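Let's start with one chain on its own, the form predicted on its own, as C-alpha cells.
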Amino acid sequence: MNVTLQSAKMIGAGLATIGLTGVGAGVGIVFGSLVIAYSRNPSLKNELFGYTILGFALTEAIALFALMMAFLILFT
C-alpha cells in the first residue's frame, strides 16, 4: 500500500476519534444534571433516572458512530 494513502488513513482515523472527547463531556453533563435535578426534587427520582439513561444511551451512540467511522477508515 502506498505510504501516502496509509498516512492519510491514520490521520483520518485519528480525526474521527475526536468525537469521543465530546462524548466524555456529554456523559459528565448528563449525570451532573441528574445530581442537580435530584437535589432539587427528590420525589422525581425514577422519572429523572429514566431520562438520564436515555440521554446516556444517545450520547454513547455518538461514540459508537465515531469508532465505527474510524475503523471503516482504517480497514477499508
Partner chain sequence: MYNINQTFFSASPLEQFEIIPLIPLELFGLNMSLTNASIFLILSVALSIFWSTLVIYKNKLVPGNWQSVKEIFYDTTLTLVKDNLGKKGYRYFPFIFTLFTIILYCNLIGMVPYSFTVTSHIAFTFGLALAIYIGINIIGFRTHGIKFFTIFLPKGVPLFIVPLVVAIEFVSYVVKVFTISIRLFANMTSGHTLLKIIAGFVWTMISIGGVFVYLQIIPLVLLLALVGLEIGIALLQAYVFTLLTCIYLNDVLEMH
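Residue numbers count along the first chain shown, from 1. Since the structure is predicted, the reported quantities are computational estimates derived from the model, not experimental observations. Whichever C-alpha set is largest while still superposing within 1.5 Å between the two forms counts as the rigid core.
Below: the form predicted in complex with the partner chain, not depicted.
Just to confirm, L58 within 4.5 Å of the partner chain in the model of the complex by heavy atoms?
Result yes; L58 sits at the interface with the partner chain in the model of the complex.
Report whether the minimum heavy atom distance between I53 and the partner chain in the model of the complex is within 4.5 Å.
I53: contacts the partner chain in the model of the complex.
Going by a heavy atom distance of 4.5 Å, is M10 a contact of the partner chain in the model of the complex?
Residue-level check for M10: no, no contact with the partner chain.
Can you check whether I18 is within 4.5 Å of the partner chain in the model of the complex, heavy atom basis?
No - in the model of the complex, heavy atoms of I18 and the partner chain never come within 4.5 Å of each other.
Can all three of V27, V30 and Y38 be found with a heavy atom no more than 4.5 Å from the partner chain in the model of the complex?
No, none of the three is in contact.
Superposing on the rigid core, I want to see if N41 changes position between this form and the one not shown - specifically a Cα shift of 2 Å or more.
Shift of 2 Å or more: no.
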